[in-house]
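Okay, here we've got a single chain as structure tokens, the form predicted alone, with questions on binding and movement later.
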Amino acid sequence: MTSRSEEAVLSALREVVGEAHVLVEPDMVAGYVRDWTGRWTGHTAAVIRPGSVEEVQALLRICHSARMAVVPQGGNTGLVGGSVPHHGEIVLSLRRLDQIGPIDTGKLSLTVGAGVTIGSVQEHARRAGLRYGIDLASRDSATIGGTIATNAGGTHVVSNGDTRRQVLGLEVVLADGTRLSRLDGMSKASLGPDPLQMMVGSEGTLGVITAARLRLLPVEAGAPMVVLVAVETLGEGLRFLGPEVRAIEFFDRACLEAVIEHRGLPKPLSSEAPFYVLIESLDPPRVPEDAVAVVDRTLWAYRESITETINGLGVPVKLDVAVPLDRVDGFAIAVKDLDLGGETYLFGHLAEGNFHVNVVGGHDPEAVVDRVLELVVGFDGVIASEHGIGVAKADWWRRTTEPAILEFQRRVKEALDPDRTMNPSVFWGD
């Protein structure tokens, strides 16, 4: 596209949202073209900030007619490069879609705009004596639209399920501006295949999520107990699982030492161990009496400070994977034995066999990705557990997905976005 035709498109976009919501100056768009890890940085002709679903429809019609690619973006807290413009795409920031509807106490549900943060939903639900099932350390930045687009998990998947389980309905705008909506919140309906559920985990490649109907949960009686236990193996930590457990997280000694230094926090336990397991439970968890453990609700600070701490050490290579529960210890040992050219930090959601493998100081990020994911496949694991595919794992996604499923997903993409204007670098991009 020539600069003249590009400016004509930008002029049309300004007519829809107003001059103030079309950002083009480098200092204004800087926060939108760089991902949270600092590893992925792109460039864009403009950042467009619509304030309604009608504006999203109008904007996508303009971009679709001009064959101008678009990257939908929420809080930009992704870790796989899936929400930044890699080849000059228009960034469609959904943060202004921040409307929060009234809570339906009968259906235990809530309709919100895609730009509402997880933290805002949690607070809104809390005031009504309810709770939202997804929680993340980035709760005050991560948006509902973004977490649905990546099917985020977080710390309470063991008790509440992932984001897909929380979605009762969606409003979505397709590449050509067509609006699809099912926000009635009916939990039981047999109305044929649900095209909107395909948007969960689609990472903005099939359409733009503009609103969602969310399932809410009752608040349990009493405050949960939080316990930190030192363990020699992750298998020991899995023994703490029980019906009363709401969350069970782990991190290695390198993570704990880094957080203590970065945050200035005290050592939580008197002795050191290879791993530490954090348990949130409604009743006392199944921890042996002779275990090295401490009970304190503030212990979450150690777990939730890990990502911020690691980012402060340098630009990390971040991998989110999962392996079968009976192979977690073998995988942990094997990852630590890899010579990745930097410091390796392991933490994650133990009940799902989920590992966040972070490597700081590696000289060849692509080699780090390949070696870790090759190991994951060798352990019969999955290469993406909750952060999505983005651009970081697109090649591995194509290599490890069953061909028939891959072909089906390709057909869906071609049907809904034949001109490849929706987040074209993700999944099938270069």
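In this text the structure is predicted, and so the values were computed from the model without any measurement. So that there is no doubt, residue numbering starts at 1 and follows the sequence shown.
Heads up, the form predicted together with a small molecule isn't pictured, but that's what we're talking about next.
Stretch 64 to 72 is the contacting one of 370 to 378, 43 to 51, 392 to 400, 64 to 72, since its residues have non-hydrogen atoms within 4.5 Å of the small molecule in the model of the complex.
Looking at V245, you'd find every heavy atom of it more than 4.5 angstroms from the small molecule in the model of the complex. Although the partner is absent here, T111 is not a contact residue: none of its heavy atoms lies within 4.5 angstroms of the small molecule in the model of the complex. Taking non-hydrogen atoms only, S120 never approaches the small molecule to within 4.5 angstroms in the model of the complex. At the 4.5 Å threshold, heavy atoms of H349 reach the small molecule in the model of the complex. Though the small molecule is absent from this view, in the model of the complex it lies within 4.5 Å of a heavy atom of just one residue from P268, G133, G154, G341, which is G154.
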